[in-house]
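Listed next as structure tokens is one chain, alone, in the form predicted alone.
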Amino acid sequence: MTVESVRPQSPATPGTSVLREPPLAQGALPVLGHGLRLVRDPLAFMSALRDHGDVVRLRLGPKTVYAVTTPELTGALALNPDFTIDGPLWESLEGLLGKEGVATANGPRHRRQRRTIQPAFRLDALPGYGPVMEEEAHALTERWRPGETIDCTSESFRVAVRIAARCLLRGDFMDERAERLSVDLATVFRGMYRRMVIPLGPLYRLPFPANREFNRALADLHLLVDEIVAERRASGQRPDDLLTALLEAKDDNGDPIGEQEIHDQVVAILTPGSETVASTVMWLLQVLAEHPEHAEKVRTEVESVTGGRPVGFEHVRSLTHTNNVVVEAMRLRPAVWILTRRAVTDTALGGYRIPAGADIVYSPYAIQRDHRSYDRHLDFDPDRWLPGRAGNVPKYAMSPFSVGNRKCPSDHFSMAQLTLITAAVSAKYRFEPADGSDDSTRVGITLRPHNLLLRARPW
């Protein structure tokens, strides 16, 4: 299954019809608005909004935010130049991502930055990463001992960070650095989510324990990135990788890009990518434990495709069911569950008036679990992505890497490593929950299990 960018039907625009004011969602509280509900049970809250309209107004503290709830309108939002990458999510992430990296830039700067990094993710570049992906996927299984408890959070981050670092930054990262990144990101993304839904401004600068923990983790993440850049410069090496491309990149005037832009670009490459891939690996391990019938089907497919040899990058395109397991896991448990945009002019979506400066929010989690788009919408059913059935899914009801000029440039890179990791672990082990495991959903900027602990059993 692949998701391609296509142009949606044009939404209503000012002057073509009478524009309406979106309805206000129920349950707003004084001062906090809907922020408390977004903290207490955000997934259920966002999933219920479509029952109130295609576009719904929310109150987050003093701000009015517009929630978009349908696949068609989220596609229109992503492809419409009236809306830019901005709003509560990106403001909350600014302390991590900065303002000068590809994740947060808009306009000419964003286009220039994509031109710099895109060659690293071309389809013809991916086979060059194959040996690293294979080595790290098999190293993951070789570290595990039959019957021992696996800390899936630690292991998932370790493999995600090492693949990103070795493929894109040519970095030899020690395991403790991956563990450090995992712990820091969990703290930072949890704190950033609170700041997004309950914008209390100066209160977050007070020396409360949670604020001190957040500030420590954020500072350590930036220090980690500075270490990466400093180590490369000190080495005097110029390998053909993404970090070299950034260090040699020019701005629109032909001058070297600034230190802050280099820093923000490395942050954008290493931290969000590691977080989302690691979170998806955690959910894939949970799926393999919860659905042993699909784990067995993946194992059988891998054995058939490889002839019993270790699975490699060259086999990925032939692993149809394995790929569909990955896609279905991303549908039900998307790492990125909430996104925001900002209107740069007076505009409209679905016949509703959207004023300039308004913030727009939408939830891939809610879109991808909607019963209006999927039969048996809460069932784990990888076969829904077979060619004969995938066409039944509405356009934009499954966009795990977004669409348009904000589509994730590393989509094929991510899918290749996720499919290869799933194949490698399934070929060797079946999984069962260990004592103390908690696979309930931890909600932050991303979704991941609270504390997934599994035991690996040889087939």
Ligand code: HEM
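Predicted, not measured: the structure shown is a model, and the values here were computed from it. Numbering starts at 1 and runs along the sequence shown.
The same protein also exists as the form predicted in complex with protoporphyrin IX containing FE (HEM); that form is not shown, yet it is the one meant from here on.
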From P400, P42, G53, G35: within 4.5 Å of protoporphyrin IX containing FE (HEM) in the model of the complex by heavy atoms is P400
As a check of understanding, the residue in L73, L246, A295, M330 with any heavy atom within 4.5 Å of protoporphyrin IX containing FE (HEM) in the model of the complex should be identified as M330
Is there any non-hydrogen atom of R341 lying within 4.5 Å of protoporphyrin IX containing FE (HEM) in the model of the complex?
-> yes
- Task: Look up in the model of the complex whether C408 has a non-hydrogen atom within 4.5 angstroms of protoporphyrin IX containing FE (HEM), and give yes or no.
- Result: yes
Could you tell me if G191 has a non-hydrogen atom within 4.5 Å of protoporphyrin IX containing FE (HEM) in the model of the complex?
-> no
Quiz item: Is the gap between Q417 and protoporphyrin IX containing FE (HEM) in the model of the complex 4.5 Å or less for some heavy atom pair?
Solution: yes
With a 4.5 Å heavy atom cut-off to protoporphyrin IX containing FE (HEM) in the model of the complex, the contacting stretch among 265-273, 140-148, 307-315, 376-384 is 265-273
Applying a 4.5 angstroms cut-off on non-hydrogen atoms, the residues of 96-112 near protoporphyrin IX containing FE (HEM) in the model of the complex are V102, A103, H110
